[in-house]
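Given as structure tokens, the chain that follows is alone and in the form predicted on its own.
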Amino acid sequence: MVVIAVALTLSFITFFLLNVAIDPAQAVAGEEAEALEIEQVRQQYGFDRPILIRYFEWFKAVLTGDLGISYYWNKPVGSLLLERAPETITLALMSVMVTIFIAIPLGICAAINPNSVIDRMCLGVAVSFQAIPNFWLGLVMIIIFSVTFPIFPVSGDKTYFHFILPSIVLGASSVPPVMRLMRTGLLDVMEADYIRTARSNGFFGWKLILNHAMRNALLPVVSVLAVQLGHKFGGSVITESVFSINGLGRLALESILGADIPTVQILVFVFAFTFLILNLLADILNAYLDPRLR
């Protein structure tokens, strides 16, 4: 119920702000339309009616599967989403995999060697990922791995090979929070009584971590990974633009620049609802991993 309430609130706020910031009649008529033409469009499409009535009509249409017609592309918004969604889903999932492969080993190494040179090095690597802007890292990787050493494609989304560089760029920004939570979670778990019992039975190092400590230490990491995956869906605008990936992020940018209100409304709603669902799934997974939460 909370997820539904939040989604409804976000949809209304988005609808209200977009219709206040942009004149929908002007967007449909075009930038060069005269005042009389704009007024005719306003009456024809019902933009002169109260915004609350228009919102409920829009939301009722969304519930029936009618997402509206794009002002910019002049085609159904639903078909635009179906065309662009696979690229963003692929990019988001691959970028989270990059985050996992980098952040979790760094967190484990830092936890095994707390307050040591290795610990500081792992933290330094994580912080450096956070400090580098996505667009700068993307351009540098294109210059190195696509121009100087032509290993990966410069841009596009035809094959999974095209997603390697953008996945690294998008996944790098999520390394610091995941790494720190992994480190903190392991340090807390390593003080537990059952870990001392495992040590007395001859378990040390990576064997102790993987067989005994990892499951409980992953609880906070699961939650933050769900949040980061939600961020990837809505925060891929820059990365998709740099690498010319025709996903939802680039669609959002093009829709904003083109004052395409129906498409922007649906995209914000989809991004927000996806974020809420992923958080709900993370809570369910945490309850599965930790019987105490059940």
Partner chain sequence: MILKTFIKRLVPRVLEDDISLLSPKTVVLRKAISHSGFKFGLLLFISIILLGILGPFFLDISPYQQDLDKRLLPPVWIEGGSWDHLLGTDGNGRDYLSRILSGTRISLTIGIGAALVGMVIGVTLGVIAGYFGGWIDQFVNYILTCQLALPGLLLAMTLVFLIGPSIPVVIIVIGCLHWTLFLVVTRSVTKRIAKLDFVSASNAIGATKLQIIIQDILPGIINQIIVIFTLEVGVAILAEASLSFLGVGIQPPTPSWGLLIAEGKEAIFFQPWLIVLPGIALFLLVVSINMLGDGLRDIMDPKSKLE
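Note that the structure is predicted; figures quoted are calculated from it, not measured. Residue numbers count along the first chain shown, from 1.
Form predicted in complex with the partner chain: not shown, discussed below.
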### Query
Candidate spot 62, 179 and 224, all three in 4.5 Å heavy atom range of the partner chain in the model of the complex?
no
### Task
Sort through 132, 190, 118, 89 and report the residue having a heavy atom within 4.5 Å of the partner chain in the model of the complex.
132
### Message
Is residue 272 part of the interface with the partner chain in the model of the complex - any heavy atom within 4.5 Å?
### Response
yes
### Message
Even though the partner isn't displayed, in the model of the complex is residue 82 close enough to the partner chain, meaning a heavy atom within 4.5 Å?
### Response
no
### Query
Is the gap between residue 234 and the partner chain in the model of the complex 4.5 Å or less for some heavy atom pair?
yes
### Query
Even though the partner chain is not shown here, does residue 127 get within 4.5 Å of it in the model of the complex, heavy atoms only?
yes
